[in-house]
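Presented as structure tokens, the chain that follows is alone, the form predicted alone.
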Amino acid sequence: MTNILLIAFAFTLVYLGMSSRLQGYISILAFQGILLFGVAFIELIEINTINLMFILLETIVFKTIAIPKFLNYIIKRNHITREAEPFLPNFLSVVIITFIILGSFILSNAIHDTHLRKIFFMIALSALFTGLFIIMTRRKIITHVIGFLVIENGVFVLSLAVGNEMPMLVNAGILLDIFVGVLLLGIFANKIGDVLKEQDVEQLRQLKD
């Protein structure tokens, strides 16, 4: 069942390349939160109940509900157009993300380590590089925030592979990462909206000291 959820997570990465609207990106982030909730519940069912509840609440509350609502708030507050406005055509983005996933699969299989859970490592790498790809190929600042959150989801996937050994430590760090990252990037997006009419990264070149 875990493998099915992780494969579905990989398909959400491909969908990011297909989507041309910000609402699609936010919906995918929420769906990824649901998938990660399922993976965490299956993989960490044997750990301490308090730790498990903390991890599950972190996943369902922050990743699935709070963050998507916060991103929608930023879009409405700054009157951001609903188009993602990528630099590359969607078809090319899908092809590149597909190659990223295939490359991650090949790399994970090339590593021979009995302690490494290859599917977790593959999905984590795929999310990491897909998030970087989104950041590099989208015009809007808000999509850069989304790319960062995809990267964070990849880190969360990797942490689940060792969650049974140190769940509280790993997930406390991830929760802090989510809070600080979204808070800082949200404030940044709001302040940029007060200065610039359009949230296009190209316009950041106009900013001066």
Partner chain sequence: MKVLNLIYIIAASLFFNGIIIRTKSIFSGRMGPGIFQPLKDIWRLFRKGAVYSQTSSFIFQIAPTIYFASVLMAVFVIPFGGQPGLISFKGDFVFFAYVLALGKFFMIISALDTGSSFEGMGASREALYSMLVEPAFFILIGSFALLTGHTSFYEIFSSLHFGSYISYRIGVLAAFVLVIIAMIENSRMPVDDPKTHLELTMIHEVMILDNSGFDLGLILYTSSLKFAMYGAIIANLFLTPGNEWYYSIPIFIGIQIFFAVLIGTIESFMARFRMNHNPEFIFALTTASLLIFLGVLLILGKII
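Positions refer to the first chain, counted from 1. On a predicted model such as this, the values are computed, not experimentally measured, just so you know.
Although it is not shown, the form predicted in complex with the partner chain is what the next lines describe.
Contact test in the predicted complex: M122 vs the partner chain, heavy atoms, 4.5 Å:
Flag for M122 set to yes.
Residue contact check: S20 to the partner chain in the predicted complex, 4.5 Å heavy atom:
Yes, S20 lies within 4.5 Å of the partner chain in the predicted complex.
Do I74 and the partner chain share at least one heavy atom pair within 4.5 Å in the predicted complex?
Result no; I74 lies far from the partner chain in the predicted complex.
Verify the contact flag for F105: yes if a non-hydrogen atom of it lies within 4.5 Å of a non-hydrogen atom of the partner chain in the predicted complex, no if not.
Contact check for F105: yes, within 4.5 Å of the partner chain in the predicted complex.
Looking at the partner chain in the predicted complex, do all three of A66, F70 and T137 come within 4.5 Å of it through at least one heavy atom?
No, because A66, F70 and T137 lack any heavy atom that approaches the partner chain to within 4.5 Å in the predicted complex.
Scan 1-32 and note down the residues that get a heavy atom within 4.5 Å of the partner chain in the predicted complex; none is a fine answer too.
Residues within 4.5 Å: M1, N3, I4, I7, A10, F11, V14, M18, S20.
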